[in-house]
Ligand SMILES: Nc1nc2c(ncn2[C@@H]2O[C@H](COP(=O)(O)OP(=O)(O)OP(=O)(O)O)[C@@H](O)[C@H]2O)c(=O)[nH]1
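Let's start with one chain on its own, the form predicted alone, as C-alpha cells.
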C-alpha cells in the first residue's frame, strides 16, 4: 500500500550532501577572490539544497496522517504509533527548514566577507552547523527507516471492492479458509497467533472481484487489554468489513472452549451491529455442535463453497463498498 523512500541516517545523509557539494563548480568572478567567494557560495548552497530536498522527499514519501482512511491510520497507530510518526516527521521538517535557513544566512556572510581566509572559515562553519542540525535528528531518521517495513506490509485495499473479513479465536482455521478461497497465501500452523498481520486475498464471482481479509486471532477481553495483533483485527472489522465470516471451532482443538468462543461472537456482534455476520462452524470433519449453523472443513474443503456463497450474498447485500460509512476519512 505504502512505499516510503529509503531513509538515510545522519552520517549517510551528510556524506551524500557534502560529497555533492564538493563537486559544485563555478567560473564566475573577475578576480581570484571573487572566484573563491562564488565557489564557496556554490558549495554551501549545494549542501543546503541537497539536505533540504532529501528531507522533503522523506516527508512527502510517508502517508499524510490527516488524509488516509481510518483503517490505515489505526494500523499505523498499532504498528508504529501515530504520535511517534508525527514527531519524527516534524523533526525532519524542522531540519529541512533549518538547513535552508542556515545555508542562506551563511551565503550572505560569505558575500560580505573579505579575503580567502575569511571565506574559507565561513564555508567550514556552514558545513559544521549543517552537520549539527542533521545530527540532532539522527534518532528520528533511524525511526523513520524502521517504520518503512511495517508500512510496506499493509494490505492494498480497493475501497470499491466488496470486502469479507474473517474473524474468530486463534487457531480456529481462519488462515486455512482464506488460503483455500482466495489468492492469499497466509501462514498456517498448529499453534495460536500464527497470523501476525492483516492479510489480503482476492477471488472473483462473475465480473466482481471480492476482497477477503484474514485477521489475527481475537480473545474475548476489554479493548484496553487487547494486544497489537488483536487491535489490527478490530480495525479491519470496524472500517472495511461489508460482511464478517466468524469461525467457531466446536471441536475445541483450537484450545478454547466453545462457550468462550460464543462469548467473543456476542462481543463482536455488540461492537458491530450493522455489519452482517455469518457464523460458521469449522473443523466439521472433527465435530459439530448440532446447533444448526453452517458447517465446513477448511482442511478438506467440505462445505466451503456453500459458506463462500452465503458470505458473498451478505457482502453484496450490505452497503456498497464505495459508500461504506466507516471508510470515509
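Residue numbers count along the first chain shown, from 1. These numbers come from a predicted model, not from an experiment.
One more form of this protein exists, namely the form predicted in complex with the named molecule; it is left out here, but the text below deals with it.
- The three marked residues, 169, 216 and 298, each reach the named molecule in the model of the complex, with a heavy atom inside 4.5 Å.
- With the partner omitted here, the residue from 271, 286, 291, 260 that has a non-hydrogen atom within 4.5 angstroms of the named molecule in the model of the complex is 286.
- Proximity to the named molecule in the model of the complex, defined as a heavy atom within 4.5 Å, singles out one entry of 199, 211, 176, 88, which is 176.
- Contact with the named molecule, judged by heavy atoms within 4.5 Å in the model of the complex, is confined among 275 to 283, 38 to 46, 52 to 60, 260 to 268 to 275 to 283.
- Between residue 157 and residue 218, the Cα spacing is smaller in the model of the complex than in the shown form, differing by no less than 3 Å.
- Relative to the displayed conformation, the Cα-Cα distance from residue 173 to residue 149 grows by 3 Å or more in the model of the complex.
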